[in-house]
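Form predicted alone, single chain, as structure tokens, below.
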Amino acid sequence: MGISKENLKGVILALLSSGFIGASFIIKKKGLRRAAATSGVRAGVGGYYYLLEPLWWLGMITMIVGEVANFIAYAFAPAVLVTPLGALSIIVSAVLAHFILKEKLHQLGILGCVMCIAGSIVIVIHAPQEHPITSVQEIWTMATQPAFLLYIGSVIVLVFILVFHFSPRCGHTNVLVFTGICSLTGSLSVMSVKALGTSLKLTFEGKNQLVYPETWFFMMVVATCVITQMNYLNKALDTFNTAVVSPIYYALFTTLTILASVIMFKDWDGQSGGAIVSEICGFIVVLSGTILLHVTKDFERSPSSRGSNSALLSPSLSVRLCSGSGEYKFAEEAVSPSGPICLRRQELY
């Protein structure tokens, strides 16, 4: 199946987004190191000197550019194509960290990169064509169809159960509670982002969609879902090892987003069974590569991995999570052997 011009635009924007977002982590980390060296107080233990560091702000700007590109990508291509490509930002981050930060990329990590690229190519080749949309009211009709309303109702019920029943009881012992809340609300936020992005695209083309209340409703849903998503993602990252949270969150979030898109926008209508299976297989390959990358990152951070094999059996024993600036903190960053290593990563949708 050939790729359409609209899908091609979406793919290019998604790739640019992954490049900018992946690079932003490295730039901000360099800024954090400079700030820590200047002030003597690291961000992970309460330092805020990084706010005066230009390199850190450059990283923030780079991330914003990446997120804007990702937002626009949803206006051109289906979510089943754009969302899985977000895993490529991990490759960019890992490769740049290897060359710029001198953080060794393990051989299994290289294999993970290759798997992510291969899976992404399969997804792009077999991605469905985007159905032409002429107004936000057409999107509203899709959003209010019985099947998608059932999905929305199920998500809301599950989120409330997780927030009010499971979160107080086992939120800090079961990683699926916080990541489940993030993923469920994230799938709705992506659908709203796509609706809002399409509305703005039509507006810029001369078909003003801002006069319709549906556009503003989608904007309100985006704000509500993203705030909820980020709140519980931060809780998950503060509580559990990032090497565990990230792949689980990516798997749940991407799976639910693809499911929501298939129900709402009927992305798979008209596709052959072989194409659908190929897309699913491509996603599984990308997911497997993502897990390999995260596991080997944690594996390499273990101080004992350079002098002992004991840490190889349980790499998570060598790291602890604590609240801080939302950035990765590694053992190499002048941390005393007895001090905790702060391990965090900012994630968006």
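The structure presented is a predicted model; accordingly, all values stated were derived computationally and were not measured. Numbers for residues come from their place in the sequence shown, where the first is 1.
If you look for the form predicted together with a further copy of the same chain, you will not find it shown, but the lines that follow are about it.
Three-residue candidate spot 15, 200 and 219; no residue lies within 4.5 angstroms of a further copy of the same chain in the model of the complex by any non-hydrogen atom. Screening 244, 251, 152, 111 for any heavy atom within 4.5 Å of a further copy of the same chain in the model of the complex leaves a single hit, 111. Out of the listed residues 68, 52, 281, 61, 281 is the one that sits within 4.5 Å of a further copy of the same chain in the model of the complex by at least one heavy atom. Comparing 201-209, 141-149, 273-281, 223-231 against a further copy of the same chain in the model of the complex, the single stretch with non-hydrogen atoms within 4.5 angstroms of it is 273-281.
Of the heavy atoms in residue 32, none are within 4.5 Å of a further copy of the same chain in the model of the complex. The closest non-hydrogen atom of residue 288 lies within 4.5 Å of a further copy of the same chain in the model of the complex. Although the partner is absent here, residue 36 lies well away from a further copy of the same chain in the model of the complex, with no heavy atom inside 4.5 Å.
In the model of the complex, a further copy of the same chain stays beyond 4.5 Å of every heavy atom belonging to residue 75. Residues of 206-240 placing a heavy atom within 4.5 Å of a further copy of the same chain in the model of the complex: none.
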